[in-house]
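Only one chain is shown below, in structure tokens, and it's the form predicted on its own.
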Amino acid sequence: MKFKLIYPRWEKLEGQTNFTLPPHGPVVMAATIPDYVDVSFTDENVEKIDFDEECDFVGISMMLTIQIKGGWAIAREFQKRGKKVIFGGISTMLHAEETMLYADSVFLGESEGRMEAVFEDFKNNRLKKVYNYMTKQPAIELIGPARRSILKRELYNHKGVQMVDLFHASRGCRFSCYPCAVSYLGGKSFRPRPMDKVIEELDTIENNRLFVVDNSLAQNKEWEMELFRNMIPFKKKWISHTIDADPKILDLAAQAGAWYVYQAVFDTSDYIKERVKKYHDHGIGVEGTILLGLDNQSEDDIKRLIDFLLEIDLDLAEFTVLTPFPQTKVYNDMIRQNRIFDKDWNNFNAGKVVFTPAQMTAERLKGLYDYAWDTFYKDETQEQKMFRLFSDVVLREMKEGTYRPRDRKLANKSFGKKI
């Protein structure tokens, strides 16, 4: 049986450096497909879809809300050719009812231990409209190494510079943040993978640069330290979401190859300033993630926050507008308050304002969002700041003997200097 797996295209935010990382969901899902199935994969972000490619069954994996309308259109093209299409992934779960209108089948939940039944149903012409496992997560021990062999590696670089591979050591999140859907998608408890499974997967990853995509590594200090101890021998350089600012943990993180972390900057407190300094003191870069448009933010609050970012020596900053994604508390509140005025899912990209803010107009919030990007990057572009982070990691890799250039000549030419 030939299964065609597709990841729909999505647009970067205006002003962001335009590079593409290999997607995580499709390679994790592909690892759970039965061995008798021949899987081919197309990431529409880096190559065109061949709608006439020979296949028996089509899967569309969607992570972001801004992918779903494109995913629906892709499904129609395959269905015109007589192919059955199954949808899965994060945004399929968030937009399940709508997606059912375009799908022959939808898969909701985590796929470990469940795909054999789906493919058997397809083979026997009894494919179900819905496979719903949202309320019953599989045993965490079932998660094996992702099937990265389906990726076309040569397509994932930026100007000749090797990008990161994506990897996860846990699922679920014990924090239930207001704008976030993670507790709906992955459960409200922290579910760490067994450490032997983590080590097994790290051992299969050739890339020496990783993005550890766990929702937060700062969920259990003992586990966090154990994870970093076990990562040290692999000599990877990695990016992650928040880690604990405990000096013992930061020291282990640095030894394990922490490159830079994403840190939410939600106010102008000394807590944030000191946290950024602690990361830097351990040689770990910081990309601030700044959410604009919360109900408690006035125009002056946002301007003060932007000024504060310039004081605390962030390496990078990413600004987003509060976006009421389905299955979040903010969505439920705004629906009840009749504040969502734009319901075109293509505009739910965290860079457009689709709701009425509490303390300003939608137009003014969009203006402040643009002002934030322009102000933070007025002296150096995002690409220039990112290049400094890449230069730092390349120097570390060279010192350790782990540097693996994808295309040294192209990288030198693109960035205008030797690395």
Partner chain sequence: MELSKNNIEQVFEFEGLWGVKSKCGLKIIKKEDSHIVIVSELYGENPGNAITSVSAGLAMQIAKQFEIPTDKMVYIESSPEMNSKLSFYDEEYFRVFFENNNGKFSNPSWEKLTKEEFIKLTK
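Positions refer to the first chain, counted from 1. Everything quoted here is computed from the prediction, not taken from an experiment.
There is also a form predicted in complex with its partner chain; it is not shown, and the following applies to it.
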At the 4.5 Å heavy atom threshold, is Arg336 in contact with its partner chain in the model of the complex?
-> yes
Partner contact for Lys159 in the model of the complex: its partner chain, 4.5 angstroms, heavy atom | no
Closest heavy atom of Lys188 to its partner chain in the model of the complex, within 4.5 Å or not?
-> yes
Decide whether Phe234 counts as a contact residue for its partner chain in the model of the complex under a heavy atom distance cut-off of 4.5 Å.
-> no
Does every residue of Leu13, Ala30 and Ser149 put a non-hydrogen atom within 4.5 angstroms of its partner chain in the model of the complex?
-> no
Which of 250-258, 311-319, 281-289, 91-99 lies within 4.5 Å of its partner chain in the model of the complex, heavy atoms considered? The stretch 91-99
In the model of the complex, the residue from Ser269, Asn124, Asn332, Thr204 with a non-hydrogen atom within 4.5 Å of its partner chain is Asn332
Proximity to its partner chain in the model of the complex, single hit among Asn220, Thr242, Asn132, Gln79 (heavy atom within 4.5 Å) | Asn132
May I ask you to list the residues of 173-211 that have any heavy atom within 4.5 angstroms of its partner chain in the model of the complex, in sequence order?
-> Ser176, Cys177, Tyr178, Tyr184, Lys188
